[in-house]
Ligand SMILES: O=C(O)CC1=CCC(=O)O1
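As C-alpha cells, one chain now follows by itself in the form predicted alone.
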C-alpha cells in the first residue's frame, strides 16, 4: 500500500504483479474501495503490472470537501499514472470507475491504449435521482441507501448469502463527504459526445441483473465506440467481479490476448 500526495488529495494505491509487466489499471465503483478486485486478481494472466487505487473520498485516500467534479476524479487518475510512469495501459473501470476511464481516455490517449467499461455508461442516472440520494445521505447517512443499493448491486442468489453483507458494510463505512462528492461528480457527467469520438479497443461488460446500469444502458455506451465488443454476464448484478470473479477474469484474459496486451 502506498500514498501519493498530489497537493490536492492523498491517493491510496497498490501495485501488484510484475513491476515491468504490461500495465492494467482498475478503478472501482461508488461506495467501494480497491478490494473490489481482490477475487479477480489471482485469476489474471501472469506478467501483468496490476495497479489499483482508491478514488478521493473512498477507502484509504483522503477526503477533500464535497462536491467533486468528474474532471477532478479523472485528473487524480491521470496524476497517479504519470507518477507511476504508466503508458499504454488497459484501463478497467466499473460504474463511476468507467466514467473515469472514459474521461481519461479522451484526455490522455498516451496513457490508455484500451478500455474495459464494466457496468457503466456515458451518463448514469439523472440529476434529480442523484439529488434525492444525496439528500437522503445528508439526512440519515450512507446507511439510508444501503438496502436499496444491495438490491441494485447483486443478484437475488448472491443477496441470499451472507457474503453480500461484507459489501454493505464497506459501503456504509465510506466517508459521507466522499460519497456525496462522488455522487455529485456522477450527477454532473454526460460523456455521450466525447466517448463517441474514441477510437481504441474497448470491451463492455454488463450483468443481466444489474439494477444500477442495466445491460441495454451499457450496450448503448459501448456502441458509441466503433469496433467495440460487448459481453453479458448472466446471473450477475452491478459487481460481477465480486459475484463471478473467475468468469470475469476470463473475459479480461480473452480481451487482453485479442489486443496483444499479453
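Numbering follows the first chain given and starts at 1. Everything numeric in this text was worked out from a predicted model, so none of it was measured.
The form predicted in complex with this ligand is left out here; the points below concern that form.
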| task | Kindly check, after superposition on the C-alphas around the site, whether this ligand taken in the model of the complex would be blocked here (3 or more of its atoms within 2.4 Å of a backbone or C-beta atom) or open? | result | open
| in the model of the complex, which of 178-186, 82-90, 135-143, 160-168 comes within 4.5 Å of this ligand (heavy atoms)? | 178-186
| request: Run the contact test on 30, 95 and 149 with a 4.5 Å heavy atom cut-off to this ligand in the model of the complex and return yes or no. | output: yes
| Close approach of residue 154 to this ligand in the model of the complex, 4.5 Å, heavy atom | no
| Within a 4.5 Å heavy atom cut-off, is residue 212 in contact with this ligand in the model of the complex? | yes
